[in-house]
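For reference, the chain that follows is the form predicted on its own, supplied as structure tokens.
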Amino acid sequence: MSTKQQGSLVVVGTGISVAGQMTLLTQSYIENADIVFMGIANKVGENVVKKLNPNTVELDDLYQSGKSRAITYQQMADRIVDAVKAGQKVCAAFYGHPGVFVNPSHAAIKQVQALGLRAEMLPGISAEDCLIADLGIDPAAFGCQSYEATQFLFRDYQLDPHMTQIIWQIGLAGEATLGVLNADHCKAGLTLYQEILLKMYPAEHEIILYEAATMPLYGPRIERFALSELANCQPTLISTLVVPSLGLPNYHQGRLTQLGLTEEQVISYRNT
């Protein structure tokens, strides 16, 4: 007597430029799924997934003008979870890394696990991975602060200018409507960021507007300009602002003493 198959969920990332950035393990899960839900930003990426498994369902149809993205994200998660409840082996494929700026992936996994069923996430190449490669930035060199543009403006965060600043979705800075680009809010948000940063950096400090390449034949968008020009730049929904470090801070003598080290010893060790 056969028993009904239990549903399961694997959430995968297809990379930023889907062709060539999808891992072999991700490809295997897509190929072997009963059904694949897609949250991918372009048709080229969708076609790559469809070639691996023709039984695909797009999630983008849930987006509607004027509709709260919070509702859309919940509907996406519900659609994925319903398929798992039906006993299907489900794969949900999202653009980039499936856990970075992807609300439905986390929500679906939590709901499936709450049902006592298997749910896991595989990593994918994210915009941050592309940024590090394209700009030659090592987050370990100066330390790194990474945050969403609007969240930073709305909350009382503290910025450390000795660290590299990575400000995601700078084109939505100050926008509270979950993804509806408003030119007035954007201009006000950029102006406010410029005011905040000018308190810590010189006006001529070079900053970078960055967008990862989403197609193999096109390069990334990399625009370098002075901080004093920030309010007049033209970001899009996928733009990231990078503010390079002012340089390493001074050594903390008290901590060095506790560790039995001197500044000269540390410099010598790290230059060896």
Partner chain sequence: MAKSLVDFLEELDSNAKLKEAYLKDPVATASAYGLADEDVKIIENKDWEVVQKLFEGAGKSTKTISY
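Quantities reported herein were computed from a predicted structural model and do not represent experimental measurements. Positions refer to the first chain, counted from 1.
What comes next is about the form predicted together with the partner chain, which is not displayed.
Given a 4.5 Å cut-off on heavy atoms, tell me which of 224 to 232, 207 to 215, 29 to 37, 243 to 251 is the interface stretch with the partner chain in the predicted bound form. Answer to the contact question: 207 to 215.
Please state whether every one of the three residues Y95, V102 and E175 places a non-hydrogen atom within 4.5 angstroms of the partner chain in the predicted bound form. Result yes, every residue of the spot touches the partner chain.
Contacting member of D78, D160, E128, E148, with respect to the partner chain in the predicted bound form [4.5 Å, heavy atom]: Exactly one listed residue reaches within 4.5 Å, namely E148.
Does at least one non-hydrogen atom of Y73 fall within 4.5 angstroms of the partner chain in the predicted bound form? Result yes; Y73 sits at the interface with the partner chain in the predicted bound form.
In the predicted bound form, does N42 come within 4.5 Å of the partner chain, counting heavy atoms only? Yes, N42 sits close enough to the partner chain in the predicted bound form that at least one of its heavy atoms falls within 4.5 Å.
Would K199 count as a contact of the partner chain in the predicted bound form, using a 4.5 angstroms cut-off between non-hydrogen atoms? Looking in the predicted bound form, residue contacts with the partner chain do not include K199, since no heavy atom lies within 4.5 Å.
Against the partner chain in the predicted bound form, would K51 count as a contact residue? Criterion: heavy atoms within 4.5 Å. Yes, contact at 4.5 Å.
Determine the residues of 56 to 71 with a heavy atom within 4.5 Å of the partner chain in the predicted bound form and present them in sequence order; the list may be empty. Residues within 4.5 Å: D60, Y63, R69, A70.
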